[in-house]
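Form predicted on its own, single chain, as structure tokens, below.
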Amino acid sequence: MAKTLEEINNKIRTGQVVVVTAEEMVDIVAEKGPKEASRTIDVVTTGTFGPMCSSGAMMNVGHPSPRIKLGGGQVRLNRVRAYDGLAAVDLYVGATALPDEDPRNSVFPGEFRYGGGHVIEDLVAGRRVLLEAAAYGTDCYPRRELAAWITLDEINEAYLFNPRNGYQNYNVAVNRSSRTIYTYMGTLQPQLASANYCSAGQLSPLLNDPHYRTIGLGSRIFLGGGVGYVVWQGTQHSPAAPRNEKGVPMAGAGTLAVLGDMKHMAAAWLRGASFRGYGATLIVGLGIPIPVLDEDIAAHTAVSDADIVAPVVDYSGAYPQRQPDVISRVTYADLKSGEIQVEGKTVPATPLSSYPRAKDIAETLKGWIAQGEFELTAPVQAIPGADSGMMMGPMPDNPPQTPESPQ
């Protein structure tokens, strides 16, 4: 018999809810079958912790005296550029933003890059951040210069607004060329000497709800150690990606736009990072609870690493194409074994995301729900599914584009 979300929330309020992680659900369904599992399990929690370049923070830093209208592209946070084309003291700092003096095309690709992701981590950690701005001055906002130390507690509002997180599957990156290359998928050794991937696999949120039946606009989630919400489909959302017989996408598919109050987050789950030869990013902790409303949802939340297949793509030549050549496909079970077979070679496989931290997120979310501290929300609108005809594609009159930034 199908359940309703309200029935599940009543169980949360009364302490009767049965909640397990997606990792635990694999064995439960294998033992009991999806029908019995759907009767006994109410909620399955997921998690992922990895670099998510399409992330950033919106903030209102408050007015000095006299007042100032930040503008003209002259705002810096710890020397990192922030976008100021908003109202007077509203700012947005992106995770990959860099200081002006940062040599992004440096001949020293190992040089550490402090960027927007580090600014976000510093703020959430309670550290002081230097705000510097030059303004053109107006009658209502006469001040023309500002330099001040700010903290998260002192500014009016700050919320994480990430346009693309939680990628539903993604590429495994390799390098067939004769030189080392540096990418957002990490350093790739020449002649197929390394393979990098970035997903929690069987714990990843959208892989446990492949048709977006329970995850949509308004879904309450774990974000950065606090509570957040899904606010739209993410950029490059591509639900029409090819799927296997279990409905699991075999390439990068759905994505989520998410939002949450930074003042209730924790730096342990938002970490600035620097990729050699690429730049800065933000490692984000994201977890989504999935209500087990029926047998079909139970079956999907039992997806295992052996069921999830990812494409192996050469980033030295094929990747810039609109439809990159897929060298082969491997399962996440293969990847997590530490090595995969590519064109007859045994290649070491390295994750950019952390599976142990993803497990911690799923366990934390499980505890919140079991203790009655976190109820589930029904989406107010579904995100587009495979039948929507929605596909990621190039902008008109521009060179062809391909997905960037895992998760």
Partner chain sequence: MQVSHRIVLHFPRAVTGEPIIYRLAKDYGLMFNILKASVSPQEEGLMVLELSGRDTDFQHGAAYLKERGIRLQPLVQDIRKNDDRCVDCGACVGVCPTEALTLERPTMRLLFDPDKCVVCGECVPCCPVNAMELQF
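Model, not experiment: these values are computed from the prediction. Positions refer to the first chain, counted from 1.
From this point on, the text means the form predicted in complex with the partner chain, which you will not see here.
- Within 4.5 Å of the partner chain in the predicted complex, a heavy atom is found for all three of 121, 352 and 360.
- This chain is displayed without the partner chain, yet in the predicted complex the stretch 266 to 274 from 226 to 234, 160 to 168, 135 to 143, 266 to 274 comes within 4.5 Å of it by heavy atoms.
- In the predicted complex, no heavy atom of residue 327 sits within 4.5 Å of the partner chain.
- Contact check for residue 128: every heavy atom lies farther than 4.5 Å from the partner chain in the predicted complex.
- At least one heavy atom of residue 336 is located within 4.5 Å of the partner chain in the predicted complex.
- With a 4.5 Å cutoff on heavy atoms, residue 156 does not count as touching the partner chain in the predicted complex; it lies far away.
- Interface residue among 151, 180, 244, 321, judged by heavy atoms within 4.5 Å of the partner chain in the predicted complex: 180.
- Checking 283, 248, 293, 98 for any heavy atom within 4.5 Å of the partner chain in the predicted complex turns up a single hit: 283.
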